[in-house]
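We begin with a single chain expressed as structure tokens, specifically the form predicted alone.
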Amino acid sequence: MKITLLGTGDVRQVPVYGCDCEACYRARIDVSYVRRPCSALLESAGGRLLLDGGLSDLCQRFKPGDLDAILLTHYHVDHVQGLFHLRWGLGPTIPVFGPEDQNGCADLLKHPGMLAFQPPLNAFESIYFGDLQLTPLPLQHSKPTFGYLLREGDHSIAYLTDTVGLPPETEAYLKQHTPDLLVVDCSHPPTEIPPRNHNDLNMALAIHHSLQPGKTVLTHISHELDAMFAQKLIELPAGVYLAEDQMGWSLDCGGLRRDWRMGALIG
């Protein structure tokens, strides 16, 4: 089982339009620092699952038949905008799974095209893609939102974006099913006033310390947080990593490893 973080930015992405902060300037001159809409690709024996559809170039990234399913965390525009173009394509239908949200996003549910929206998932009720077990986990956000525990064999990945803290029942569940890899929302630099809709660094690290996963990767990164890391104003504890677009992690009989970025092995 492997996961590739296709996008790791917040709703504004990096660089932010019109911003000349250190993070945005750096991303304009070096594409390796660009952060696209938060999304990931999970590959396992059970198939290839796209986690969120916010990338605007889905039609260029994936050929017809490349994806076995799309898994949505929620229906905010930055997590579904790529589906508006994809839906009018030709080829086999793509099953789409996600939380109950009658409003969806614009007319996506009303006119799905080649997207086959499935009945809404239920919290803590697992579904299966071959040997891959997928369990929806409620998160705290301004729209109905799920994170997911993805388990194959003895290995698991928790993908938790977007959220501010964790609901007690989700935290308790993950303490009972400790993931090898935790990918968690960390949109803001450390703040004195708790943020409204996304974790700041303090909250993300508190989740890491509470769950004690094998490794933690911080995603849904803002340009403000990126700038602080660029200026070396923040140091992460052991076992915690700042996500990068195209960062990949693999889980197999050899355990967990970070094994590529931008198509190159990075160790």
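Every value quoted in this text rests on a predicted model; they were computed, and no experiment measured them. Just count from 1 along the sequence shown to find any residue number.
As for the form predicted together with a further copy of the same chain, it is not shown, yet the points below apply to it.
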### 4.5 Å heavy atom contact with a further copy of the same chain in the predicted bound form for all of 11, 16 and 59
yes
### Query
Which single stretch, out of 153-161, 182-190, 105-113, 130-138, brings residue heavy atoms within 4.5 Å of a further copy of the same chain in the predicted bound form?
105-113
### Query
Looking at the partner-bound form in the predicted bound form, is residue 96 within 4.5 Å of a further copy of the same chain by any heavy atom?
no
### Message
residue 170 versus a further copy of the same chain, in the predicted bound form: is there a non-hydrogen atom within 4.5 Å?
### Response
no
#### Entry: a further copy of the same chain contact in the predicted bound form: residue 174, any heavy atom under 4.5 Å
no
### Message
Given that a further copy of the same chain is not shown alongside this chain, does residue 148 nevertheless sit within 4.5 Å of it in the predicted bound form, heavy atom to heavy atom?
### Response
no
### The unique member of 165, 89, 120, 144 whose heavy atoms fall within 4.5 Å of a further copy of the same chain in the predicted bound form
89
### Task
Give, in sequence order, every residue of 57-79 that has a heavy atom within 4.5 Å of a further copy of the same chain in the predicted bound form, or say none if there are no such residues.
59, 62, 63, 64, 77
